[in-house]
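In structure tokens, one chain follows: the form predicted alone.
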Amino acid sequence: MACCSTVSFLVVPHYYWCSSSRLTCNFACSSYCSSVASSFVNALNAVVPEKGDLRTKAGLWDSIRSGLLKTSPMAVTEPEIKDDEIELEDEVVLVEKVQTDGTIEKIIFASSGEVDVYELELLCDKVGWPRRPPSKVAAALKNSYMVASLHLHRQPPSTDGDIPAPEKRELIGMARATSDHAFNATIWDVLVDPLYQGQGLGKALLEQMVRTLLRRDIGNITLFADAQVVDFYRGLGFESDPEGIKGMFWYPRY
């Protein structure tokens, strides 16, 4: 699954303040772990005030521009995140299994840590993306608010007594987000290795990204999608052209 850089749709999630009820999750849970989806709903509700705390519902465009309801009585405060919560959001084991030869395989989501530019280039080749200058890719990664990755970790069984065999790690998925670090974030460059598509990993990648952004108090999350993957994002709770808002582009005319 991949979302190209040439795009045609603006998509915004359903995660906005509502005066009538607490949030529910529109995420269509994948088969990899139903408990993750449940915890995601709890995480969403944890950052939403109880019913009655907000007096009115602002228009979506107002919330995008300001990040807060205009008439909200809520004070602007820094979210309190405990050290153990930060650790939990950095890495999540999505899949773990043991092969017949004893090799332990894990697919791990990480919202921090480095992504090798040339390993990413190989992944882009696998999904059919055109190559981009490595220096510009490195700059894009460095300047992103979040770089989320899926890595396959393979731990072969020990063949020399108690000395563990070296672990092998392979990049199989990535997405990144840019942000103003306060109100808004936009997700870019979502891709999963074709060998691992169809297993719910793209959904897991996006779910974990949204969850991490919400934990960082980013409330307005947008992305761009090619026409053929719009239904995929709708299944995750994103909405096309909310309240008639359109994505607009400016291109050089030379």
Partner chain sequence: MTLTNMLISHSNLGFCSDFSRPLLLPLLLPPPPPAGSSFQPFVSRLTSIVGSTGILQNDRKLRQTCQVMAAAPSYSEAAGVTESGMFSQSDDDLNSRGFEIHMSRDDINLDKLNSLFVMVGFPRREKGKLLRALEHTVSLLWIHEKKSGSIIGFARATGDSIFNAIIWDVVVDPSYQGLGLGKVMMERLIADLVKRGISNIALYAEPNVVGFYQPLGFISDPDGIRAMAYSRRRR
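Numbering follows the first chain given and starts at 1. Just so you know, these numbers come straight off a predicted model, no measurement behind them.
This protein has a second form, the form predicted in complex with its partner chain, left out of what is shown; the following refers to that one.
S.K.: Any chance all of S111, D116 and P166 sit within 4.5 Å of its partner chain in the model of the complex, going by non-hydrogen atoms?
M.R.: No, the whole trio is out of contact, none within 4.5 Å by any heavy atom.
S.K.: Residue-level contact is defined here as any heavy atom of the residue lying within 4.5 Å of its partner chain in the model of the complex; does K97 satisfy this criterion?
M.R.: Output for K97 is no: heavy atoms all beyond 4.5 Å of its partner chain.
S.K.: Using a 4.5 angstroms cut-off on non-hydrogen atoms, would A227 count as touching its partner chain in the model of the complex?
M.R.: A227: yes, in contact with its partner chain in the model of the complex.
S.K.: Is Q197 close enough to touch its partner chain in the model of the complex, meaning at least one heavy atom pair within 4.5 Å?
M.R.: Close contact is absent here: in the model of the complex, Q197 is far from its partner chain, nothing within 4.5 Å, heavy atoms only.
S.K.: In the model of the complex, does T103 come within 4.5 Å of its partner chain, counting heavy atoms only?
M.R.: Output for T103 is no: heavy atoms all beyond 4.5 Å of its partner chain.
S.K.: Only one of 103 to 111, 170 to 178, 121 to 129, 151 to 159 gets a heavy atom within 4.5 Å of its partner chain in the model of the complex; which is it?
M.R.: After filtering at 4.5 Å, what remains is 170 to 178.
S.K.: Check each residue of 117 to 137 against its partner chain in the model of the complex and list those with a heavy atom within 4.5 Å, in sequence order.
M.R.: Residues within 4.5 Å: R132, K136, V137.
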